[in-house]
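First, one chain by itself in structure tokens, the form predicted on its own.
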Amino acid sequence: MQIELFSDKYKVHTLTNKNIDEIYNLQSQNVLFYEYCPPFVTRQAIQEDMRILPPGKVIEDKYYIGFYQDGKLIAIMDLIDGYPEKRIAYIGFFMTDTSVQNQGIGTEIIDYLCRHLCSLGYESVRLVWIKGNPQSEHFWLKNGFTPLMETTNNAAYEVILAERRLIRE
């Protein structure tokens, strides 16, 4: 996948260890997220997130990317290609900078990404949100994701597995 095609409005770059401070600054401002999904972000946890993969996937299937506006990191996404099945993309993590929240930018990024993935032949996008997190639940429902099931994938909290079906227009 060509990540620069994930947005028509924002610059998209692969995030690396050189971006750790920038990522940390964005994530550490999102306090509500970590109330529902502890522990609070650390630089070490970011480095681990950059490498962690679901079962059966390889690092070439992972896109840990940043969306930039006027040189500033405004959103982070961890996208897994072909998980859990070939024509499904999985968003492992998505977060916008607090300075751009409630302006439609997150929705704009997700909508464009979904349209692009659909044009490549993907059938759906899946993700999970932490059960009980009103901000995450509202955002993903507003963006066309439908809950599929509740599950406990971590002893600390329950998650909602959700999917957005991609329909060719």
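Residues carry their position along the shown sequence, with the first being 1. All figures in this text were calculated on a predicted structure; none of them were measured in a lab.
In what follows, reference is made to the form predicted together with a small molecule, a form of this protein that is not presented.
For the chain shown alone, Leu32 is a contact residue for the small molecule in the model of the complex, at least one non-hydrogen atom being within 4.5 angstroms.
Heavy atoms of Gln103 reach within 4.5 Å of the small molecule in the model of the complex, making it an interface residue.
By the criterion of a heavy atom within 4.5 Å, Pro134 is counted among the residues contacting the small molecule in the model of the complex. At the 4.5 Å threshold, heavy atoms of Phe139 reach the small molecule in the model of the complex.
Comment: the small molecule is not present in this chain, but in the model of the complex one of Gln44, Ser28, Ser119, Thr107 has a heavy atom within 4.5 Å of it, namely Thr107.
Of the candidate stretches 140 to 148, 49 to 57, 111 to 119, 62 to 70, only 140 to 148 has residues whose heavy atoms lie within 4.5 Å of the small molecule in the model of the complex.
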